[in-house]
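A lone chain, given as structure tokens: the form predicted on its own.
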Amino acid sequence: MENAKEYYDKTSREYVQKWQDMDRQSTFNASFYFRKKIMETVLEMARVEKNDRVVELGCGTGLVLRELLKKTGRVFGTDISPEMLKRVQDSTLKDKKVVIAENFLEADARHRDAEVLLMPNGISKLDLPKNYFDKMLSVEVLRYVDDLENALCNVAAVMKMDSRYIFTITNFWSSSLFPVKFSIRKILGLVNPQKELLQYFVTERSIRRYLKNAGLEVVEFRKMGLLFAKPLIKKFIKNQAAAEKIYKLDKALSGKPILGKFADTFVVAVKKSASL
């Protein structure tokens, strides 16, 4: 069972304010820095070209859409929470023409001057036109989906043979130990769905299995956050220069066969399997 819609409908304004405050504050925030690095990595792996049709599944308040607009003329986004889509329109991208519609094909034809087209839709019951998008992205979305294999099958069903899907997902064996602790709390009935998001985690083996079962082939698989996930290390990252040094080391260590098993975040690019 998922509760992301209810949670983000209630907290969409707080979410916008949180990231705006982090962007403005004078005190360096290591978590914010690492979040931006994850976004940069997703965009790098997407290899978006000027005329690509790009959709972000689970676009939230539009932080990634804002970066995508620097690479292509118009972007598409879906989110399970209608309130989060409104924040794209009235906050993050209020200087752009943003249209919220129930159908992408109709909206694309009717609003040719719109820079951002949004649709309320969740990845668990994906309702997108088939063979339409060149690039598809999900950033920090799949960790809130309980039936991950079904969600990946939904994505595969609408992809073109030459399109690419890039997503992030949290490793169960993260060095932060948060996934392990959260899972234990959930088993013990200590997670309150009314106050916190239900979360689900994977191992490298399980996510590769889900992808194969969904008919998706891994193009690139990166691991991030071996060091940045550790609260003690983040506490000592006081400025940009220190963060860049730690990030460089983090990148090197996360790529090692043994140490990479404890990276916090997997960033994965996939395409449809040629055998389909």
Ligand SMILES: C[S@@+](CC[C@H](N)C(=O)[O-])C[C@H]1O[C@@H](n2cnc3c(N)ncnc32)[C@H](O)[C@@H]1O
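Residue numbers here begin at 1 and follow the sequence given. This one's a predicted model, so the numbers in the text were calculated from it and none came from an experiment.
We do not show the form predicted in complex with the named molecule, though everything after this point is about it.
K.L.:
Of these, 210-218, 223-231, 58-66, 40-48, which stretch puts a heavy atom within 4.5 angstroms of the named molecule in the model of the complex?
P.N.:
In the other structure, the partner sits against 58-66.
K.L.:
Under a 4.5 Å heavy atom criterion, is residue 122 part of the interface with the named molecule in the model of the complex?
P.N.:
It does: once the named molecule is placed as it appears in the model of the complex, residue 122 has a heavy atom within 4.5 Å of it.
K.L.:
Under a 4.5 Å heavy atom criterion, is residue 270 part of the interface with the named molecule in the model of the complex?
P.N.:
The answer is no: residue 270 has no heavy atom within 4.5 Å of the named molecule.
K.L.:
Would you check, heavy atoms only and a 4.5 Å threshold, whether residue 81 touches the named molecule in the model of the complex?
P.N.:
The answer is yes: residue 81 has a heavy atom within 4.5 Å of the named molecule.
K.L.:
In the model of the complex, does residue 140 come within 4.5 Å of the named molecule, counting heavy atoms only?
P.N.:
Because a heavy atom of residue 140 falls inside 4.5 Å of the named molecule in the model of the complex, the answer is yes.
K.L.:
Within 4.5 Å of the named molecule in the model of the complex, do 259, 262 and 266 each have at least one heavy atom?
P.N.:
No.
K.L.:
145, 128, 117, 88: which sits within 4.5 Å of the named molecule in the model of the complex by any heavy atom?
P.N.:
If I apply the 4.5 Å criterion carefully, the residue I get is 145.
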